[in-house]
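The data below hold one chain only, encoded as C-alpha cells and taken in the form predicted alone.
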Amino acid sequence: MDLSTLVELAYLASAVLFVVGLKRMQSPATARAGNGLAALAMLIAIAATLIDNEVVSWAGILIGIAVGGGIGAVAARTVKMTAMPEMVGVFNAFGGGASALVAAAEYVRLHALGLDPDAATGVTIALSLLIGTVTFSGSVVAFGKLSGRVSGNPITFPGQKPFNALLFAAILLAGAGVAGLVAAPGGLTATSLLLLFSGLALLLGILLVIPIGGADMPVVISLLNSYSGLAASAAGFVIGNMVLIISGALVGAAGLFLTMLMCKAMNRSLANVVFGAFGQSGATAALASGEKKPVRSVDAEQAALVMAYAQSVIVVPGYGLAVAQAQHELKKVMDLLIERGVDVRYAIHPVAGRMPGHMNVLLAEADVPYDQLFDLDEINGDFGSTDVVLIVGANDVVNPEARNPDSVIAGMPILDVDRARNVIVVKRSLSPGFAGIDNPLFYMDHTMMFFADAKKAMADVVREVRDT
C-alpha cells in the first residue's frame, strides 16, 4: 500500500472520528470521551498532512505533540472555571486566524509563481480570509469583554451603521480584487491588496462585536465558534483538503445550531442579539431610580433548617457559583440532604453562566450525578410542587420580570422558581445580573435572601445540616 493510499485512509478515519466524537458530545456522560475522539481525529489529520506533504519528519511531529500537548495540559489544569468562556474566545480567535493565514499563504504562493487563480479558487481564498479575519478580531474583542479588559456595555458611535455599510462595500470591492474577479483598485499590488482586504476585515470584526452587550456574550461566543468552523471549511476548499472541509463544516454547523438554541432560550432572534445592543446602561439607570423594598434575610442555620425538613429541593446554579468555586461545598450540602431522604435535583437554564454548558461542566467537576441534572423544559412544571428552591448565584434566568411585556427580557424563558413553596437565594447583594434590571423575586414573601459568598455560605450550611 503506497503512502497516498495510507493518507486517504487516515483522512477517512479522521472524518469518522469527528462525526462519532461530535455525536458523543451531546450527552454529559459521554462528552469527555467525545472530545477525546475529536482531538484524536485532528491529530491523525494533521500528522497525515504533514507526512504526505513532507513538511516535517516524524521526529518533528513528536516534538510538536509534546510541546502543544504540554501547553494544552497546563492551560486546562490552570484555567479557572470562570475563565472558560475567555479561553473558548481565544480558541475561536486561533481557529479563525489560522484559517485566514492558510488562505493568505495560498494567495501569496500562487502570485509568487505568477499564477492567476481560477474564479472558484479566488472566491474561496477571499471567503476564507474574510471569515477567518473577522472571527479573529471579533473573538479578541469578545475575550476582552468577557475578561473585563473591554467594557461589557454596548459600544456605539454616531453614524455607526452607515459606516459599517461603507466598510462592507469596501470589503466587497477589495475581496473581488483578491478573488481576481475585478482589477485591483488603484493599481495596488497583490500584496498590498491582500493587506488592505485583511485590514478592512479585521476592522469589521471589531465593529461587529463592540456594540453587543455582555448579556449576549454566550450567544456571540457560539456564533464566533460557528464562524471559525466555516473559515476552516473554506480553507479546506482553498488547499483541497477534504478532512479540513468536513471538520470545519461540522464545527460550523454545531456552532450555528447551538447559537440558534441559545437565541430560542432567550426568546430573541439572532438579528436582535447582533444588532439589539441588549444590556445597555439605560436599563441599569432604570433600576437606580426604583424605590427601595424590604427583603427577608436568613443565615446559614435558618437556611439549613428549611432545607433539612423539606421533602424536595431544586438547586438553580448560576455564574455566582462559578465565581465563588462553590460547587464542591454545594455538593456536600446536597449529599447530606439526600442522606436525610430529601429529593434533590438541579435545574439548568440553557444560558446560565457565561457559556453554553457552563453549569453542566461546573457540576460535573464536583461529581454531581448526571441523572440529577434537568433542563428547563424537563423541570419547569415541577416547581409548583417543590418545597424549597436554592438559587446559588443566578439572577436573570429566574427573574419573573420576563413575564412583563414591557421588560427588556420580556418573553425570555425562565425557571419558574417563584412558584415553589420556599425560595432561598444565595447572593452577595441585590445587584442586578447581566440584563441590568431588578429582580422582583428577591422581595416576595416566600423568598429568603442569604447574603454571603456562595462558597462560605455552603460551607456554613454543611455544618448546620450536620447538626440539625
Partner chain sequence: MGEMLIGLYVFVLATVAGRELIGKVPPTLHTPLMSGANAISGIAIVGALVITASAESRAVEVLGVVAIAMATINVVGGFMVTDRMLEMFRKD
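Given the structure is predicted, the values throughout are model-derived calculations rather than measurements. Between two forms, the rigid core is defined as the largest C-alpha subset superposing within 1.5 Å. Numbering follows the first chain given and starts at 1.
What comes next is about the form predicted together with the partner chain, which does not appear here.
Contact with the partner chain in the predicted complex, judged by any heavy atom within 4.5 Å, is made by just one of 200, 208, 364, 127: 364.
The contact residue chosen from 251, 316, 307, 333 relative to the partner chain in the predicted complex is 251, the criterion being a non-hydrogen atom within 4.5 angstroms.
The candidate spot formed by 28, 232 and 244 lies fully in contact with the partner chain in the predicted complex, as each residue has a heavy atom within 4.5 Å of it. The closest non-hydrogen atom of residue 18 lies within 4.5 Å of the partner chain in the predicted complex.
In the predicted complex, the partner chain stays beyond 4.5 Å of every heavy atom belonging to residue 405. The closest heavy atom approach of residue 35 to the partner chain in the predicted complex falls within 4.5 Å. Using a 4.5 angstroms threshold between heavy atoms, residue 98 counts as touching the partner chain in the predicted complex.
Remark: of stretches 298-306, 119-127, 175-183, 380-388, the one touching the partner chain in the predicted complex is 119-127 (heavy atom within 4.5 Å). Residues of 58-78 that come within 4.5 Å of the partner chain in the predicted complex, judged by any heavy atom, are 60, 61, 64, 65, 68, 69, 71, 72, 73, 76, 77, 78 in sequence order. Shown in the overlay between the shown form and the other one, fitted on the rigid core, is a CA shift at residue 256 smaller than 2 Å. Fitting the two forms on the rigid core leaves the C-alpha of residue 327 displaced by at least 2 angstroms between the shown form and the other one. Once the rigid core is overlaid between the shown form and the other one, residue 363 counts among the residues whose Cα shifts by 2 Å or more. Compared with the form shown here, the Cα atoms of residue 41 and residue 62 move at least 3 Å farther apart in the predicted complex. The Cα-Cα distance between residue 371 and residue 254 is lengthened by 3 Å or more in the predicted complex relative to the form shown here.
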